[in-house]
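Consider the single chain below, provided in C-alpha cells and representing the form predicted alone.
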C-alpha cells in the first residue's frame, strides 16, 4: 500500500446517530451498477473523492498473496491519456493530495481537493478504472517496490512478523490468515498476467462504490458521476465473491523474541461476530464491551493494570466490527520487564474471567460512544472513510439511521453474555513478544 490509512476511529465510532445529523449521506446507483454516495459538508470548499473496490487481500488467488496490493501500486502507472507518474503530479498541481490503501476486503483510492477541481480527479479516477496500461516495463520495478515495502513493514518489524504467524494459527485456511502485502515467496511468483487478470475481473463499476464527501450535494454529484463514470461498462468476468467459512475453534499461544525488542507486548485475539455476521445482533454489545475495557484513561484495563497495579505501560481493547464475516476482538498490554510481563498475562486472564459488567459502567460506555460520533463529520475524509468501510463490507447505508439506537439499546446483560461467549467458546490466539533471551 502507498499509505497505511489510520482507521482506528472506527473503534470509537462504531455507530453514528441519525444519518441526517451525523453522516448526511445520500446514495444512488448508476445504470452500470456503480453505487454513488454524497456526504454533504459545507464547512469549507473542499471535497474528498474516494473510490472503493469490493476486492482485497482475501480475493488473492491461492498461492498469489499480495496480488490485490500489487495492482494498487500499478494503478498509478498511467493510461493512454495520462502518462506514467502524471496522475499524482496533476493532483498535486491542482493543490490536492491523493493516496490509496489495500485491506483484507477492499481497495480504496482517494483525493482531497478543492471543490472546483473535483471534475479533474473524477476524470483521472474513472480513466484508470477502465483504461489502465499494464506493461512488463512498469511491473518489474513496481514489484520490487512492493518487496521493499514488505521488508520495511513486516520483515524489519518484529510485531508484524508475530502477527503474521498468529494469523496463520488463528485463521487456518481462511483467507484472513494471509498477509495483504503478500508473502515473500508468493510475491516472487507473481506475473504481469496475474495483475492483468485481476484487474479485468475485479475493477469495474458494479464492483465499486464512489463516495464524494464535502462541499457537494447528491443533486450536484449525480450529473458528474454520470458524465465521468456512467459510460464505463459493468464488470467483465468476475465471479460472485465467496464467503469463506470461519475457522475451527482453536486456542493457541505464540511466543517470539527479537533483538530489536526492548519491551514486552502481550495480546489476546478472539474471533467474534461482526455487524455483518449473525445478523449483526451481537456486534453492538462487543462495541460497548471494547469501550468499557479499552477506553483511553478510563477503560477498565487501563485503570486496573496501568493505574492501580502499575504492571503495564499501556492496556487496550479493540473491536473491529466492520467485516463481511467474522471479525476480531483484541486485548493487549505493554510492560517493561519480565516479572511484570508474567504477572500481566496472568492478571489479564483472571481479570477478564471475573470482570463484572455493571449497569453504571455500561451506560457510561454507551454515552461515550454516542458522544464520539459527533466528530465523524468534521472532516470529509473521515466521513468518507467511515461510510466507505461500512458499505464495502455490505452494511446497508440505511442502517446508519439506526446506529445510535443500536448502541443505546444494548443492555448490561447483553454485554456480559458477549464477554462470556468470547472467553468460553471463541477461537483465540495469545501472543507474547519479548526481548531476546527471555523466552521461557
Partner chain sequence: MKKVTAILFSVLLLFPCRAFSEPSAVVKRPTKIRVLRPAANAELPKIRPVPFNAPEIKEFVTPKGIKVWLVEEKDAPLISASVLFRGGSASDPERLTGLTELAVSLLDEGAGPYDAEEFQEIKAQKGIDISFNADADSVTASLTTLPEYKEEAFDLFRLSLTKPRFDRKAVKRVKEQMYAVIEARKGRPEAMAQKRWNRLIFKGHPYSRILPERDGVEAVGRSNLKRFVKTRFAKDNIVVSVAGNISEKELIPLLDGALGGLPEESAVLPVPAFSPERKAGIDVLTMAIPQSATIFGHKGIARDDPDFYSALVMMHVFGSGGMSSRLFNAVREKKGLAYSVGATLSVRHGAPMIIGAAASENSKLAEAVDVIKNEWRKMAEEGPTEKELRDAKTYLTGSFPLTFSSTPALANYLTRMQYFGLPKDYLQKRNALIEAVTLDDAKKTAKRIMHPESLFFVVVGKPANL
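Numbering follows the first chain given and starts at 1. Remember, predicted model here, so these are calculated numbers, not experimental data.
Form predicted together with the partner chain: not shown, discussed below.
- Within 4.5 Å of the partner chain in the model of the complex, a heavy atom is found for not a single one of 35, 133 and 247.
- The partner chain in the model of the complex is not approached by residue 281, whose heavy atoms all lie more than 4.5 angstroms from it.
- In the model of the complex, at least one heavy atom of residue 380 sits within 4.5 Å of the partner chain.
- In the model of the complex, no heavy atom of residue 204 sits within 4.5 Å of the partner chain.
- Remark: residue 102 counts among the residues lining the partner chain in the model of the complex, judged by a heavy atom distance of 4.5 Å or less.
- Annotated contact segment (heavy atom within 4.5 Å of the partner chain in the model of the complex): 68-76, selected among 204-212, 68-76, 351-359, 169-177.
- Residue-level contacts in the model of the complex: of 251, 234, 231, 95, one residue has a heavy atom within 4.5 Å of the partner chain, and it is 95.
- Along 27-50, residues 42, 43, 44, 45, 46 each place a heavy atom within 4.5 Å of the partner chain in the model of the complex.
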